[in-house]
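First, one chain by itself in structure tokens, the form predicted on its own.
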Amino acid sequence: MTDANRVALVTGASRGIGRGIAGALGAKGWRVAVNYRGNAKAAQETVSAIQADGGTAAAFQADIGSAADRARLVKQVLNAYGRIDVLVNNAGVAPSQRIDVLEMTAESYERVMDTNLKGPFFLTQQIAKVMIDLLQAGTITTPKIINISSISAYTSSPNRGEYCLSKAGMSMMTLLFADRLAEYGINVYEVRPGIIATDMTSTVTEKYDNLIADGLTPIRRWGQPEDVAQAVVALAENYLPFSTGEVINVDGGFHFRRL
């Protein structure tokens, strides 16, 4: 029997992949905490869409890169719902400008790392401790932490090196927490999207249209937020209970080595 009280916190859920994930979880009966940084209107649109489908959701403002905001976010979600069963670390930013690694600034590096790696790492650290307490209290049973990385974790893009570094770091972050939390029954996964149609990729649509048409990916189409969302749902729903630290590629086969 499905637990009707289960809660998923999805960071960066006001648009794009995060919105797709939040909507898919809401449709499966999860109560969804929709985190956003600045666009309250977009976050409310995500919430309203979930509610229109009969689900339960609420918006929670917090900048994942801020320690004070992370602490407030966790406190507010627990006050609202009393538990967190799944954390989806989805919030991420691209560099404000694509600049060669020889010219990358410390400011750009720090901005991207704060949101894409430092923030998720310390949010996971905080929520993992909460999950352990909730497990020991019998409040939750199969908690999960799901990190949304990118093919940029292993694909060189010298004009946005800080983004690549942040996603490569998230891959190791996944392994570290998977190793540390396995004894408590907390499984940790990495979902690795490829070329997904979102605001982040909207500025390079023509470039990727041509690359996909030329066979960059064996499945010759753009990925959609819903493609990533379905992978997250499978993990959240405990379809891979004997796997942890696993990478789920949602990339149309981009990761193949082909001759």
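Source: prediction; values computed, not measured. The first residue of the shown sequence is 1; numbering continues from there.
FYI, the form predicted together with a small molecule isn't displayed, but the following is about it.
The closest heavy atom approach of D63 to the small molecule in the predicted complex falls within 4.5 Å. The shortest heavy atom separation between Y36 and the small molecule in the predicted complex is within 4.5 Å.
With a 4.5 Å cutoff on heavy atoms, Q230 does not count as touching the small molecule in the predicted complex; it lies far away.
The small molecule is not shown here, and in the predicted complex it never comes within 4.5 Å of any heavy atom of G26. Looking at 135 to 143, 88 to 96, 121 to 129, 75 to 83, the stretch with residues near the small molecule in the predicted complex, meaning non-hydrogen atoms within 4.5 angstroms, turns out to be 88 to 96. For the options A58, M200, A49, I212, the residue carrying a heavy atom within 4.5 angstroms of the small molecule in the predicted complex is M200.
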